[in-house]
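Below you'll find only one chain, the form predicted on its own, shown as structure tokens.
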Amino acid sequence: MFAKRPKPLLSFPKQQLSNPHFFFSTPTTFHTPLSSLPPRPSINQTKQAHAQIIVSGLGANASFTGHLLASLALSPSTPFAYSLSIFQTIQYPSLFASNNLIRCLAKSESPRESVVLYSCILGRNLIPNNHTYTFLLQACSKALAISEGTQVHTHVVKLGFCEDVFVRNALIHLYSACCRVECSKRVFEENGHCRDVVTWNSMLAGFVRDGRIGDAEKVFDEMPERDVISWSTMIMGHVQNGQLEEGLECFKEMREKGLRPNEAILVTVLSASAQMGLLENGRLVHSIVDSLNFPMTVSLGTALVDMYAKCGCIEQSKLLFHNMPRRDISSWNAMICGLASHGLGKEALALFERFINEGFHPVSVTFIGVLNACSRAGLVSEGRHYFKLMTEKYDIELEMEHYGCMVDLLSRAGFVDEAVELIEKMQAPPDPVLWATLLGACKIHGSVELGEKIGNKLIKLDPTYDGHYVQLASIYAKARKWEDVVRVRRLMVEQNTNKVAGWSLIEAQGRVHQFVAGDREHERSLEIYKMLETIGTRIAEAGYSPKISSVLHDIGEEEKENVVKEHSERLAIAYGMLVTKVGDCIRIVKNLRVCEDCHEASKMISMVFDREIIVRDYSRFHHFKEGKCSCLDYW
């Protein structure tokens, strides 16, 4: 056993515990008034029963008071002071009463007090049982009290409770909560015959919490029995560690086995669907919520609002938000940020004002949404106002994201000097992302000299990141300074960096299809390129002219046109035209910002083919319809 014998635990504080018989009593059987309480009574229900006990003249009865503590221990929340005041009325508290006070304290905001009480129990020769250690270890877990928990572990060994499954489960959870997953593993592997589904789930959760998804998968595969908690832990583990597709696949497998998901699973899967922009998957989860009659809680409603907003259905998102029976600050933040990402700046600001009028206090994330809304809609004066408001009125500390929003707002609107001044006045060193944002504005406004200065600065700060080279080369390419383009690209090769491949996703026919530029790996590649030719011919007849100034190669005009027409989103749109019905919306998700030519082409396609095309790039949404884009070409 790896735990060592502890030093003496702390003494109980100076309270009414001086009587040597303070901890001894035996509960008796009774039927009223506590027998009428529900399994998990509220504090008010317990207080009503307490009042009846006092009115009946039984306030000093140790059995009634002990069971009153047991009821409190089962309540969703347990006030520390109230639990202790009840315990102190017992002249000779039993182990039963003491255990229930420990359990109450473990759930309270003062879980370490349970360790102090345990110390007093030992000092008065009251012998703990398995319940004592289960509740005590739960308290140590909540308090992240690894030192005290390790000492308790030695007592568990000494008194022979190592094979009690409930105590073992509490030990595994303790070490996992305190980031000692190897200790959890050792407890798990000892006495392998003493395991239940909770034991396996505790070990599974420990690996997930520690980011060891491979180990979690191994435990999951070896489990003799799985419950909904097992699946929930595994799904959340995948999603929280960025393995979104694996999380969705795990959810699909769980559903195939006929298990009913819990709310945590549904919220997690909605989050994964939102991050990937998979609308059909999100709609499936929404249908499950409806079919299983899940109550529309704040968490579930907020997840749905966020999912529809991130999957391009902002109207559906707004409808859900307005119909939510109850909202918290996260619900408002999700809606404000959703409106901002769709370029609906004025709507986002109006919602923020309503948020304030309803008595909510904004937090850091709220203002990220507000400032993003200003940036995406070019609302410069409003952005300046809210940037000032967040510090002067709401005393919110400025973070790098807030500066990023303001630099983006100012620089894209042409106030490049003001953006530079803002960066230079920052108390903390500016994040390279801020300079990169400014570099992007230099490309938009053709500021070659400033762009060159910032680009070289960024390359020195992080010579391995390919994006800085690409941005600088794009500025040179737009100015047709091909020698400088070649020089930057050569430097990029020398530093062993490569341009991140752009990709586009489209969800169709129950599958997710991914394309990269010039992709010919798709099973319907021949049809896709044939459709691409048809699209090219039709939009050219309608007046489309390729915008090829951003192509970095010093090659002929015709070759440049071929390069841009095979960009990943063009291939995804062509595939969408093949597999969707005439008039259906085509939805694309990109990992990079949409290029100028593809933006123009998408507008023309929406007009010529009478299709709505929604593209989510890494910055915002573009809704192409009838030859126009929702961004009004401000992106």
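Each residue number is its position in the shown sequence, starting from 1. This is a predicted model, so every value here is computed, not measured.
As for the form predicted together with the DNA, it is not shown, yet the points below apply to it.
Engineer: Of the listed stretches (345-353, 474-482, 312-320, 168-176), which one has a non-hydrogen atom within 4.5 Å of the DNA in the predicted bound form?
Structural biologist: In the other structure, the partner sits against 168-176.
Engineer: In the predicted bound form, does L491 have a heavy atom within 4.5 Å of the DNA?
Structural biologist: Close contact is absent here: in the predicted bound form, L491 is far from the DNA, nothing within 4.5 Å, heavy atoms only.
Engineer: Flag A205 as yes or no: does it have a non-hydrogen atom within 4.5 angstroms of any non-hydrogen atom of the DNA in the predicted bound form?
Structural biologist: Yes, A205 lies within 4.5 Å of the DNA in the predicted bound form.
Engineer: How about D210: is it within 4.5 Å of the DNA in the predicted bound form, going by heavy atoms?
Structural biologist: Result no; D210 lies far from the DNA in the predicted bound form.
Engineer: Heavy atoms within 4.5 Å of the DNA in the predicted bound form: does S63 have any?
Structural biologist: Output for S63 is yes: heavy atoms within 4.5 Å of the DNA.
Engineer: At 4.5 Å by heavy atoms, is each residue in N99, H131 and N262 next to the DNA in the predicted bound form?
Structural biologist: Yes, the whole trio is in contact, each within 4.5 Å by some heavy atom.
Engineer: Out of E507, E452, D519, D164, which one falls within 4.5 Å of the DNA in the predicted bound form, going by heavy atoms?
Structural biologist: Flagged contact: D164.
Engineer: Just one of L532, V365, L284, V380 has a heavy atom within 4.5 Å of the DNA in the predicted bound form. Which one?
Structural biologist: Contact residue from the list: V365.
Engineer: Which residues, if any, of 388-406 lie within 4.5 Å of the DNA in the predicted bound form when only heavy atoms count?
Structural biologist: Read in sequence order, the lone residue that approaches the DNA (within 4.5 Å, in the predicted bound form) is E401.
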